[in-house]
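Coming up, as structure tokens: structure 1 and structure 2, two forms of one and the same protein chain.
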Structure 1
């Protein structure tokens, strides 16, 4: 299956994704702002080829994947000096798998189109575990033709692969996803604190809620660790806070009031302000516990 592909951004997500591509027989031209990850991966396989800049990556391939933390990072890598834009020409494809503002995805797409190239926004969910296992969910915005072209690569790194619509649509659906996850954590936190402070064993609450209409994946996956106050990430509050910022901006741009997302994002601000930005996003529980002056615990 393997062909040659570029990859910029070798962090907690990018590194295992590159490993999965190499394992599948791809040749991967890589760049990362700090050199350590480049050396590590190129030391593991001859099919990892180091490049000195995003432009040098683009010069050697016709498809480049980016996996970066935030909108400004993507703008730097694309529009900056020795950036991707300088190296991408007619027929080249950028697959940006970062979670960034839909508006940024659209402007990247437009800039590439002017050069005869194109872009997909393809943010993922599933975290580092999903990246390692190659089971990410991928939400894709862009043309049908580009979606088909990138599909063999998506199949290596992901499992649920959905073409959501035109440029920016992947980021919009990712924003919707993060809205629901954050609010769901708030909901189960209110329930756990209410029930526990009123005298009920929180394990009973989890058992009952998971059996009916109140079932949520967040309670299923994280309920047991929440009542143990184990907030090892998983997915960090700092990142979810960024994602809710994207959701709120997208709401504003489209005149969509998001009353509960707004409150819940302030709760993540509260956690960051108190030094908890590196905890797992299920630490939302701490906000409700502090409000009620009550710590949830097993009976």
Structure 2
């Protein structure tokens, strides 16, 4: 039986995470910018308690989870009017599971420390499927004590849970993760377009690649939906584009060139410019199809 916990941000990721916590016996005080998701979850269970603002969440719990789209959203929820900072006091813990700039995570942690509270940056990988299944990979920055305190909650929503270092370390590892995922999507797209245009059934390509060194989660989970041109978002292009911006900035700050990431980042910019920002990031395939003047299809 879990404790009472707060949760702010009930989007593609947040909503299934709350459902998993409730299923595990936790009471969850929830807030979301738009009310629909709050009403939906509170209608499903008496263990979901609606709150009118982030502060109202913080007033009722000692640990709050946030799952928000970007750094400005986290800053608004924490520092804004009726924000979490106003309701968090000595001993309270914020677990921010959003993917944001490492510098923002550090500034949030510093602001909470001044009130005797603390924060973990705990971004996740695994997309909506991982959130629904409770199998997310969680990379955590912050103190060992806070990591241990949040661990029972992490175990409900995730499977691979790693303490990466001090504040900001979780976000740095997430940036590394997003580099690999983006480049994998580009590589899979190149392979599918090349093989398909040369006359091979793309389903056969996936079957073979999944059995050898080229096997990736991207290919395994999204290869079949890419062939079907099913780009319903598990993770939107707009968000991956934002994450690659964080990776590029982190590279610049640390004097690390990221040449291929830079190219793939521009390909996502192209998709956004063409109005595809709300599609799944596997829609990278569209860029390669346009370049080759060939649409991948089952033979």
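Positions refer to the first chain, counted from 1. Computed from a prediction, not measured in an experiment: that's the story for all the values here. Rigid core here is just the name for the largest C-alpha set that superposes within 1.5 Å across the two forms.
Structure number of the form predicted in complex with another copy of the chain: Answer 1, the form predicted in complex with another copy of the chain.
- request: Inspect the rigid-core superposition and answer whether the C-alpha of residue 223 shifts by 2 angstroms or more between the two structures.
  value: Superposed on the core, residue 223 moves its C-alpha 2 Å or more between the two structures.
field: Core fit, then residue 196 C-alpha moves 2 Å or more between the two structures
entry: Where the cores coincide, residue 196 still shows a C-alpha shift between the two structures that is 2 Å or more.
Hinge rotation, rigid parts compared between the two structures (°, from C-alpha fits): Rotation of the smaller rigid body relative to the larger: 11 degrees.
query: For residue 281, what C-alpha shift in Å results between the two structures following superposition on the rigid core?
result: So the C-alpha of this residue moves 2.4 Å.
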